[in-house]
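Okay, here we've got a single chain as structure tokens, the form predicted on its own, with questions on binding and movement later.
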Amino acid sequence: MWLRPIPEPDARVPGHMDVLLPRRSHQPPALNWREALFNPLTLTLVFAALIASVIGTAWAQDGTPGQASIPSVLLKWTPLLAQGFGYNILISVLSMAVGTLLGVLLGILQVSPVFVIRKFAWLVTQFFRNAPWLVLLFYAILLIPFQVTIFGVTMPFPGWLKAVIGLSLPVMAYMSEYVRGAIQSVPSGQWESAESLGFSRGQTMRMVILPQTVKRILPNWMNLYAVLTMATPLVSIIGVDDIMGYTRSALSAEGRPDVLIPMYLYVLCWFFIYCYPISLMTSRLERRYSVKL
């Protein structure tokens, strides 16, 4: 009697017959219109077209004899605006550095086994996390003296340094929440394994837990820095020189209402060019370092 040979198992799925595998569809995947519409390249092209149309319209309307064209006005004030934007970047970097350091310490205190320390850290975090950033800047300007005397030496305390302190407080609060959530997301088996090896709580936190929180915090940290950079124009309200303050000075010196919209659009482009790559990198890191719990 002739017997049919037994089919060989599929090499891609060990231990499974080919007949047990799900049927494969050879149809191409459907185009997701949302992904195509909100693609980063598409958004960049739309934004660039919008800027070009606005500048082109303003340029076309600039027909007053004896006046410089709008692009030439923007180019004339570009060095001054670049200097002001440098202050924005400096304030954002220093605020992020100070806020990150304080936020990590405060986040560790939020998971402290001591009830009083844990509740105090939670209270400080919630207070500065829910406080308006502009109000914190005003308090930093008004409460911190304009000069400090140390060992008989009087040193000035500039406004941009006060702005760094004022902006680092909400950054500290958000970083505290990120660190607390990241620490609590680490599996409890990591704590138990470290304890079985004779590690103290401080050694476990420093050598086992905190290194694992870096992947969890990094995308949120970069996103927070982008938000902080976009919030730095608030310092111009309290009298700190930045790109917004220099823009108002340039508009006042020109005395032309038709330059108002192109000038502020030009400033917007500076922030977009700086922050948009950070946003793209943040999305890439979220996909790469996604933690499956």
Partner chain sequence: MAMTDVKWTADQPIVSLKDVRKSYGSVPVLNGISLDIMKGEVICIIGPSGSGKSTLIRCINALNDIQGGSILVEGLEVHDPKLDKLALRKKVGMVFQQYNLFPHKTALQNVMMAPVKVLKENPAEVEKRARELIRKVRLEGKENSYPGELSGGQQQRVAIARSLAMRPDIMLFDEVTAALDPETVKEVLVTIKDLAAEGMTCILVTHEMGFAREVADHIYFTDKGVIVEHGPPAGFFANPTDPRTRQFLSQVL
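Fair warning: this is a prediction, and the values are worked out from it, not measured in the lab. Residue numbers count along the first chain shown, from 1.
Keep in mind that the form predicted in complex with its partner chain is missing from the display, and what follows is about it.
Options 117 to 125, 202 to 210, 168 to 176, 101 to 109; stretch whose heavy atom lies within 4.5 Å of its partner chain in the predicted complex: Answer to the contact question: 202 to 210.
Answer yes if any heavy atom of A194 is within 4.5 Å of a heavy atom of its partner chain in the predicted complex; otherwise answer no. Flag for A194 set to yes.
In the predicted complex, G198 touching its partner chain (heavy atom, 4.5 Å): Within the cut-off, so yes.
Residue-level question: is P132 within 4.5 Å of its partner chain in the predicted complex, judged on heavy atoms? No, P132 is distant from the partner.
Report yes if any heavy atom of G152 sits within 4.5 Å of a heavy atom of its partner chain in the predicted complex; otherwise report no. So G152 does not count as contacting its partner chain.
Note which of P145, P79, G189, P113 lies within 4.5 Å of its partner chain in the predicted complex, where distance is taken over heavy atoms; exactly one does. Residue within 4.5 Å of the partner: G189.
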